[in-house]
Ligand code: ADP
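Next comes just one chain, in structure tokens: the form predicted alone.
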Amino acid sequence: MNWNRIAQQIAASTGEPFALERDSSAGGGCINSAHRLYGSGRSYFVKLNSDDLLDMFIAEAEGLQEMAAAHAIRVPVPVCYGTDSGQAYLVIENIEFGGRDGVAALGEQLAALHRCTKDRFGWHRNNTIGATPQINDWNDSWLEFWRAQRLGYQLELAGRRGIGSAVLRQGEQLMDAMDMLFADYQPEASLLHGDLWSGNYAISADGEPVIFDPAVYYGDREADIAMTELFGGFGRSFYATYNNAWPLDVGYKVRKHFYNLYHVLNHFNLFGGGYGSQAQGMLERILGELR
């Protein structure tokens, strides 16, 4: 990667000179690698992947812009994206983390984000959930959207990856019966982060909640809240302030497992291993609630 060329692109995009002084590795997650660039009294965060995945970064930048436009919760500002030296890159605002006591504010601000709604479910473009394509074709029906573009899609991928036949059979049963979960509940099409686990939020050094690495679309807000519980939870104060701002429906206690099945299946499709048996256990639990 030619960091000087990236610095020139940053300068062109921001309209401000940016003379690169140093770069450092920022580690990254299981999908991308990352660096920080420093110079001219500013810093930027750069995500890298292979150049054939540029569209994934473009979708991420558009998702950050969509959430930023809601003026509800802080997200890193996207700066520019492109390809160089066989790699795709996304440059975003570098935010210093390490603050405390911002989780309660996160709950209230996430509720404000969810108050931004559309009259249909989906988004204007597809994106990714991790490295898996996420289909977001607009649909007037939330049940049809989830059946075809979330649960059904992940089950199809899982079948190709060799998940057990019992999971596929139970998945089909759930798709046939899932309407029962919504007999007394009609969700709004809320603006969702889409991949809101504990690794995708932080508190800035000045105590401000920040969410990042989105998989944006408009859907049931319960899907966002459910994922916050999937890998450890966000703490009592988060749920207290969220519910104070916009109380969750009583049926959420069952539907959260239904929504998190999507992410567990996606983890199986990405990583294999014990996620297949976890998905089967979730299916058995949900179907048991519907009997």
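Just so we're clear, the structure is a prediction, and the values are computed from it rather than from any experiment. Sequential numbering from 1, following the sequence displayed.
FYI, the form predicted together with adenosine-5'-diphosphate isn't displayed, but the following is about it.
key: Contact stretch among 156-164, 179-187, 192-200, 105-113 - heavy atom within 4.5 Å of adenosine-5'-diphosphate in the predicted bound form   = After filtering at 4.5 Å, what remains is 192-200.
adenosine-5'-diphosphate contact in the predicted bound form: Tyr81, any heavy atom under 4.5 Å = Looking in the predicted bound form, residue contacts with adenosine-5'-diphosphate do not include Tyr81, since no heavy atom lies within 4.5 Å.
inquiry  = I'd like to check something about Lys256: if you look in the predicted bound form, is any of its heavy atoms closer than or equal to 4.5 Å to a heavy atom of adenosine-5'-diphosphate?
reply    = Heavy-atom contact with adenosine-5'-diphosphate at 4.5 Å: absent for Lys256.
request  = Mark Ile95 yes when one of its heavy atoms lies within 4.5 Å of a heavy atom of adenosine-5'-diphosphate in the predicted bound form, and no otherwise.
outcome  = Ile95: yes, in contact with adenosine-5'-diphosphate in the predicted bound form.
ask   = Given that the partner is absent here, does Arg42 sit within 4.5 Å of adenosine-5'-diphosphate in the predicted bound form, heavy atoms only?
value = Output for Arg42 is no: heavy atoms all beyond 4.5 Å of adenosine-5'-diphosphate.
task = Using heavy atoms only and a 4.5 Å cut-off, determine which of Ile31, Leu54, Ala70, Ala245 is in contact with adenosine-5'-diphosphate in the predicted bound form.
result = Checked against the cut-off, the match is Ile31.
inquiry  = Which residue, Tyr218, Phe212, Tyr89, Trp146, is the contact with adenosine-5'-diphosphate in the predicted bound form, using a 4.5 Å heavy atom cutoff?
reply    = So the residue touching adenosine-5'-diphosphate in the predicted bound form, by this definition, is Phe212.
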